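As structure tokens, one chain now follows by itself in the form predicted alone.
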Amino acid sequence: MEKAGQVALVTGASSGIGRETAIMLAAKGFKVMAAARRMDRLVELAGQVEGITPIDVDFSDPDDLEKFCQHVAGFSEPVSVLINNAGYSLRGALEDVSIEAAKRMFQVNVFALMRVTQACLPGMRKMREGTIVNVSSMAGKFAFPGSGPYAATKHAVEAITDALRIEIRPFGIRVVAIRPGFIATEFNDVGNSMTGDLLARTDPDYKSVYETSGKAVGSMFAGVTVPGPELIANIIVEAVLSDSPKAVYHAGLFSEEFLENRASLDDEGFDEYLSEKTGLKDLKL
């Protein structure tokens, strides 16, 4: 589908999947609005790649988000392609994740996605065309132990995406979900930074849970290569340019295995499977 010259908005564009997607869309001739909190990185990116305009926004700040959305709604040319990519993770057993920290994560991962989409939809409806790509996660279909609140945000993204796809199809607007598996980006480092030192602050009861599951998950990565963000960015651009994009795409390390098992096993079967994979099935404390 020919889209050169149209406006594409990419959130979370300062690194990883968002950055690579912005670069690839600009190479296809899009006018890319790259939005993120780390403006220095966006300015550097815009200086390196023609067709990218940096926009500073902190999606965790509702006031800043609203100013950004008012700015987007006032673009001289409406957004025809929206890539909702901004997001991060917190880790820890439910007892160790503060409600305030969970609220901030929901603000970025869910509410900002909703609000930015609302800002772009009037223009898309007027054009009777557009593409919205929501970057979910394989965790949007199941939750690893220690990732319940994060997975909850991605479950919410999946629900919003499914409903939105049907709601706006009559206007010629396509809605796509992307479910990455493990990808080599700064995502893990940011998650660790936002989470902090769990072992130092958790109750001793949980230390064996963290250590056992950490060792089991770590062993899964022995001898494997984790793909980079280009893998997902290529899929996003493929969906944007397609005349008939699929409703859902997935790729990345372990995404095939985990998502196929989640789809084929009943709830009890998948609970047993994931308990074994994470080393917690037979742990007694």
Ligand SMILES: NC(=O)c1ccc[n+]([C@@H]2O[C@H](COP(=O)([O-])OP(=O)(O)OC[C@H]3O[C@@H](n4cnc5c(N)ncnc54)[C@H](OP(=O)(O)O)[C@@H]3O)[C@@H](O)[C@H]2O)c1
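Quantities reported herein were computed from a predicted structural model and do not represent experimental measurements. Sequential numbering from 1, following the sequence displayed.
Just so you know, the form predicted in complex with the named molecule exists too; it's not on screen, but the next bit is about it.
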With the cut-off set at 4.5 Å between non-hydrogen atoms, does V116 touch the named molecule in the predicted bound form?
no
Using 4.5 Å between non-hydrogen atoms, is V57 touching the named molecule in the predicted bound form?
yes
Even though the partner isn't displayed, in the predicted bound form is P145 close enough to the named molecule, meaning a heavy atom within 4.5 Å?
no
Report yes if any heavy atom of K28 sits within 4.5 Å of a heavy atom of the named molecule in the predicted bound form; otherwise report no.
no
Heavy atom within 4.5 Å of the named molecule in the predicted bound form: which of V97, V72, I183, M124 fits that? Just give me the one.
I183
The unique member of A233, V32, V240, A36 whose heavy atoms fall within 4.5 Å of the named molecule in the predicted bound form:
A36
Quick check for you: of 132-140, 198-206, 75-83, 164-172, which stretch puts a non-hydrogen atom within 4.5 Å of the named molecule in the predicted bound form?
132-140
Determine the residues of 270-285 with a heavy atom within 4.5 Å of the named molecule in the predicted bound form and present them in sequence order; the list may be empty.
none
